[in-house]
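This document starts with one chain, in the form predicted on its own, laid out as structure tokens.
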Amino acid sequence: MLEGIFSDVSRMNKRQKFYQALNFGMIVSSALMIWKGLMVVTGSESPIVVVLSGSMEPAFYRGDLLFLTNNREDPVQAGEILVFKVKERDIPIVHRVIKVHESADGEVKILTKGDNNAGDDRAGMIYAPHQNWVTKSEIIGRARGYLPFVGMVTILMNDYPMLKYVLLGGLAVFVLLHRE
């Protein structure tokens, strides 16, 4: 199989190799443009996220792909599912709003909880130390839709990094050698 791939590459002239590399670059840049376009349309820094834990079961399961929007003018309401970032944590949290407090000066404080967790996020120590609420500035987005289990590919690639390199390498080889 590898001999066939290398023989295909050796039969290409410089123009064909350049064309294939350019084709690969266009695919990568198109994916980046689509991602940036989704960021602008949804108002979210991350318009698509993968649920990484079982804390939101039965609403969402590990591996579900969530589609987010983040219109900062819309008021946050109890029952909504937020994706937010917490200081000192690399991954965003997907939890449901259980309480919203708005002070006289307009500051909004939000308390969240995973559907499958016994207590709220203060009791579960999800928030950063000395943090009791989520603020609007920490919100990445609100869940507007989902695809079940589509994100398992992402979880597998994070759990097994070698799989990521094999898949990306295979994709690159396919794009570079595909003649049509």
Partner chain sequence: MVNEEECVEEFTVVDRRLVLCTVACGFSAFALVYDYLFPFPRSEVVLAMCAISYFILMGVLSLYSIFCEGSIFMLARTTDTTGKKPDELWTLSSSLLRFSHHYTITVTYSNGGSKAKNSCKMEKSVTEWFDEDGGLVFDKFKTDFSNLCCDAKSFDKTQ
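C-alpha atoms forming the largest set that superposes within 1.5 Å between two forms make up the rigid core. Residue numbers count along the first chain shown, from 1. All figures in this text were calculated on a predicted structure; none of them were measured in a lab.
Beyond what is shown, the protein has a form predicted in complex with the partner chain; the following relates to that form.
(request) Classify G25 as contacting or not contacting the partner chain in the predicted complex by the rule of any non-hydrogen atom within 4.5 angstroms, answering yes or no. (result) Taking the distances in the predicted complex, the answer for G25 is yes, it comes within 4.5 Å of the partner chain.
(request) May I ask you to check whether Y160 falls inside a 4.5 Å heavy atom distance of the partner chain in the predicted complex? (result) Taking the distances in the predicted complex, the answer for Y160 is no, it never comes within 4.5 Å of the partner chain.
(message) Can you work out whether R15 and the partner chain are in contact in the predicted complex, taking contact to mean some heavy atom pair no more than 4.5 Å apart?
(response) Yes - in the predicted complex, heavy atoms of R15 and the partner chain come within 4.5 Å of each other.
(request) Evaluate E45 for contact with the partner chain in the predicted complex, applying a 4.5 angstroms cut-off between non-hydrogen atoms, and reply yes or no. (result) E45 belongs to the contact set for the partner chain.
(request) Please determine, with the chain shown alone, which of 56 to 64, 147 to 155, 121 to 129, 27 to 35 has non-hydrogen atoms within 4.5 Å of the partner chain in the predicted complex. (result) That would be 27 to 35.
(request) Using heavy atoms only and a 4.5 Å cut-off, decide whether all three of V86, K109 and Y165 touch the partner chain in the predicted complex. (result) Negative, none of the three is within 4.5 Å.
(message) Please determine whether the C-alpha atom of N23 is displaced by 2 Å or more between the shown form and the other one following superposition on the rigid core.
(response) After core superposition, the displacement of the N23 C-alpha between the shown form and the other one stays below 2 Å, so no.
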